[in-house]
Every structure is written in structure tokens, then in C-alpha cells.
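Take a look at this single chain, the form predicted on its own, given in C-alpha cells.
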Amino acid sequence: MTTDATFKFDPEKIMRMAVDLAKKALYLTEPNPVVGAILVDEHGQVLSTGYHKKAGAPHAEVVTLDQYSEVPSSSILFVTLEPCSHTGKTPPCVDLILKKKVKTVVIGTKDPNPRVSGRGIRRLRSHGVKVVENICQTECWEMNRVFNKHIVERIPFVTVKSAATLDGRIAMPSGESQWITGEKARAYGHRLRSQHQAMAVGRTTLVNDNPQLTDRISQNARQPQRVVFSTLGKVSDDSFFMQQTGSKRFIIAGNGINPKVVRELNQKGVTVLVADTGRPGIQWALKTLYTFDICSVLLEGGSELIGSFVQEKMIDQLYLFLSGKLIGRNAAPSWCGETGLECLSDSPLFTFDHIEKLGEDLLLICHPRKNNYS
């Protein structure tokens, strides 16, 4: 925590309130970050609040300061993310803060956007504004993991979701897989879909399971765009993927795909992304999807595709739903397929972030350790 001000109240308490405000818009602001702001008096009493509700809408600072021509002289503005100093769809928030005569600004974390990072803070200080940095920095940073990834690396944030038995299997050798987990776990999985801009599966999963790739649990859910990895573009016209046209659809294919197949799919409203190689690379696919403004992807299988993501080290987060069932058959597919590992020391290492019981099942939320996975 960096401070150059003395408060008559607990600044972390106010910042956590701003974090809670920001989280009201989780998954709704992409490609923008979620941001909360609170204006308080010198004793920490809340004067006004605001948060960024969706891309293109007023920023949190604008909502919070809108009612004032000039803020009370002793007031303090708390904001979870460094105020923007560049013009996007809205004017710079730094200009507004200066116009409203805010004298002290407390910031949770710097903006990782290279166009902003540190620039807003420097500009405020150059105009005599007292800036306090890194209050509740971890909380403010973590709630924008998707934004932090895509704005720097220009590639979507990838979450893998899989349901497996206690021995890590996702189906019987015959392909039977309904149901590995119970209703609570499946409902949670549905909600994950609408929390991502796109969801992806491999062709084998499409053929075996014919998934709808939609959130059918949440009210007023944002339905994800749907992506299928199919090297030759072979998908059935009878599949839900082809029949349901409510959201954008993509097929990731290799350069061996028949041009006639591409034309037919395009005519049916499916965008075909063709790699320069016979088998499309995962990194290439993600970077290409990013050009369509897709900032987050939920990968639901199958095991071969997840294994490819593991091999190319393109996983940011893992949601693994474990049931108490055992299959105990070597021929039964595992959730991550073949990773090509030759020795244990090369194994990707994941850190457990959260463990939760869902009915009779267990949810493990993990992320890869970067020093082991990068």
C-alpha cells in the first residue's frame, strides 16, 4: 500500500465497498474493465457512488461525480482502477476529476492498458492532486483478470471447464457421459457459459454430445458466441450448433478444408477461420478470435482439445467439477487427454484458488503457476 495521505477512517473499508460496486457489472463490461468509485467526506461518510455498467456507458468516475459542479473541498474520491487519461468512446476521466476540483484520489491498482498505465496518476499529480495508490490492490486487480490478460497480450482469457469422475475420466469407453455430475454442478456450468463471450468445443464433442452451448439456467443470460474446432469443417446440419442461430458461430479449420465447405458454411451464417497449417494452432485460433472482439473463451472439451490447450500453455483458469464416481477403465478418456509429457518435472502445475461442495460433487477452481507454465 502506497500512501501520501493520512485518513480519519479506514481507506480499505471504502475501497472494498467500491470493489463490491464494480462486481455488480462482472462479465457485462467487456472489453472494458469493471470499475467502482465512491466519493466520501473527510470522515469517510459516503457522498456519492458509481460503477461502470457496460461498454460505452459512463465510467464509474463520471457517475460518481455527475451531480457536482465542484466537489466539497475536503472530499476524497476512491476508484478501484487508475482513471483513464485517453479518449475512447468517452472522454478522459482524469479531465473530469480535474474539472470537478477533486483534491485527493485513492486508487486500487494501476491500469495495465499500455495507453494508460501510470499516465493518469502522473497527470493528476502534475495538477496538484494528491494520489494514494495500491489500496486493496489484490482485490482490485483480481476482479479484472480477463481485462488484464486481453488488454496486454491481445488474446482472449481462457477458462477450461470439465466434469470428471474421481479418477479423472469424463466418459465411459463407449462415450456414455450423462451424467458424471449432479444438477448443482451442471447449473453452475451453465452460468459459466454466459460469463464468457464465447465457448468452444472440439468436433468430437459436437458429434458425441450435440451440446447446445447455451446458458439455460440464468435469467436474461448473455448467450456466448459458439466456436467449434473442426480441422475439415465437418459438422452436422442437424446439430444444435447449426440449427440454433441466436449468437455468432465460428469454425476453426485447417488449410485442408474444402473451399466448397467454407462457402456452404458461410451461406448458413457460420464464420470459418482457416489456418495456414493443416491443423490449426491454439494460439493462432485465439489471436484470430480476438480480432472479432472476443476477450474471454470457455473451453468445454473434449479431452483432445483441452490437451492441446495444455500443450500450448494457453489456459488461464480451470473449473474442474469432480464427482464421487469411479470408472477405473484405461480406455475411458481423461478430462485433459494426452499432454505429451515425458517426465514429471515437465508437468504443468496448478494452484488451487477455491474449493466448494456442490451437492454430492466438488468444484476445484485453479490457475496455472506462471513460473511453471509460461
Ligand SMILES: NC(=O)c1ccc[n+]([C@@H]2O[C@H](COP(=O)([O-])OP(=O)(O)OC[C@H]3O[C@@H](n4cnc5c(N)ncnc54)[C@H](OP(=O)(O)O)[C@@H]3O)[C@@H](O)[C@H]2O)c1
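One rule holds for the numbers: they count along the sequence shown, beginning at 1. The model shown is predicted, which means the values in this text are computed figures rather than measured ones.
Omitted here: the form predicted in complex with the ligand. The next part is about that form.
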{"query": "Heavy atom within 4.5 Å of the ligand in the predicted bound form - residue from Ser308, Gln317, Ser323, Asn32", "finding": "Ser308"}
{"query": "Sole residue of Gln137, Asn208, Thr90, Gln244 within 4.5 Å of the ligand in the predicted bound form, by heavy atom", "finding": "Asn208"}
{"query": "Interface membership of His190, the ligand in the predicted bound form, 4.5 Å heavy atom rule", "finding": "no"}
{"query": "His86 within 4.5 Å of the ligand in the predicted bound form, heavy atoms", "finding": "no"}
{"query": "Non-hydrogen atom contact Thr231 with the ligand in the predicted bound form at 4.5 angstroms", "finding": "yes"}
{"query": "Partner contact for Gly108 in the predicted bound form: the ligand, 4.5 angstroms, heavy atom", "finding": "no"}
{"query": "Segment that reaches the ligand in the predicted bound form - one of 93-101, 294-302, 258-266, 149-157, heavy atoms within 4.5 Å", "finding": "294-302"}
{"query": "Residues in 179-214 with any heavy atom within 4.5 Å of the ligand in the predicted bound form", "finding": "Ile180, Gly202, Arg203, Thr204, Thr205, Asn208, Asp209"}
